[in-house]
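First, one chain by itself: the form predicted alone, in structure tokens.
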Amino acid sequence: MVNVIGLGYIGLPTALMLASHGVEVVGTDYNAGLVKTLESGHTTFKEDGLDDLFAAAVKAGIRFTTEYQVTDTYIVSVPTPYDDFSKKVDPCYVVAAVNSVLDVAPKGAVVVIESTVSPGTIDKYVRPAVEEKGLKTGEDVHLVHAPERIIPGNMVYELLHNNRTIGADEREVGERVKELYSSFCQGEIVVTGIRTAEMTKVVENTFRAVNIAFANELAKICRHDGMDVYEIIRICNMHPRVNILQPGPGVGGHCISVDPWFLVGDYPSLATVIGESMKVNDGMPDFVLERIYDIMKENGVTDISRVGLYGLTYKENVDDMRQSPTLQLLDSQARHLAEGLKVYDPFVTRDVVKNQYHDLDAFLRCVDIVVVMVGHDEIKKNQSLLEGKIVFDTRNVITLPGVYHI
């Protein structure tokens, strides 16, 4: 039996995938309300294919509880926030989960950390937690790191098809965990050491963040001299060894916007390019807000309440708002002692910000300027609704004439 600890965006799909592929699984989460929702037959967030996977797992016998189980294998998939000031990872949730596991785990149990952590976190924080219990790693408990590699909006497919890395102290234990993930993973699974596994996951997301920062900085340069950044990127990408990404209003989600800071926090004097890149990305919501004010001035719009932000999530066609550029922009506006921007997102059905609408037509009737912050299919397929509006498209998805861009 496998006890999956933490039933959020990563833990729940992992638990469901294992259960639906013949593994006995019990999912544990401290949130009693979340567990109750799952026990009642409902998932806790929207994701393509998740409901079908949930049904298959329930049919296979998956169970949900707030209690930690006595078993030989645990998968810890809890959040790893970082400190905004120091930019260092906060391992408190991981350590707390491991401590709870060790209270019930039998001798020789395998504890797999799926949570993304900065390189060295397991040595600095998890091993000491084991030792404080009077236990020895490699004998009483075996530590493994198997970082997740999935993205909201395509979780089910990527769980099945993405390559994975298994980091373990002992090769034999790593191979056992590899066999467990092979029950569903069709990608290549590499077994290596724990520090290498920690580093590879963070480096993957850092690579993407740095490349996004290059695109964003290029957009600012082109804006300064009145050049079309999208045309420049299109032509440059015709070169066989060039692949510039698209600029945007900022970087959100719980990976690309967070993981690179782990390296900056741990290696402040070495990760200089990474640190400057993250500053560029973090500064994009402010840049977009300044562009909004410029567009208002150019078009004679003086009332900020006549401006609407389309999209609250951090990417298209999901309900995930973690580190959303729109939320960052609204925070920036509040810091400037201003408010009034209207907001709408088809995937966010509850009120989370001021002046939020839940009907697209009503939203559009109340604004003169529409700022497309997220390229949901809804707006891409219904662009005619934007005719007659001043459109500022931060995602380059609107094909109407006269649209403003970053």
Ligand SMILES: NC(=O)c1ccc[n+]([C@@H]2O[C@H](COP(=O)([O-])OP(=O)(O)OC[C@H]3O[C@@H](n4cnc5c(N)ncnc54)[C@H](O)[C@@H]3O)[C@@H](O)[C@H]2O)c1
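In case it trips you up, residue 1 is the first one in the sequence shown, and so on. Just so it is clear, the structure is predicted and the values come from calculations on it, not from any experiment.
Just so you know, the form predicted together with the ligand exists too; it's not on screen, but the next bit is about it.
Shown alone here, residue 109 lies farther than 4.5 Å from the ligand in the model of the complex, counting heavy atoms only. For the chain shown alone, residue 266 is not a contact residue for the ligand in the model of the complex, no non-hydrogen atom being within 4.5 angstroms. Taking the partner from the other structure, the ligand in the model of the complex has no heavy atom within 4.5 Å of any heavy atom of residue 333.
The ligand in the model of the complex comes within 4.5 Å of a heavy atom belonging to residue 201. Screening 213, 105, 255, 251 for any heavy atom within 4.5 Å of the ligand in the model of the complex leaves a single hit, 255. Shown without its partner, this chain lists 17, 391, 25, 10 as candidates; in the model of the complex, only 10 has a non-hydrogen atom within 4.5 angstroms of the ligand. Residues within 4.5 angstroms of the ligand in the model of the complex, judged by any non-hydrogen atom, belong to 110 to 118 and to none of the other stretches in 278 to 286, 174 to 182, 127 to 135, 110 to 118. Residues 30, 31, 34 are the ones in 30 to 53 with at least one heavy atom within 4.5 Å of the ligand in the model of the complex, listed in sequence order.
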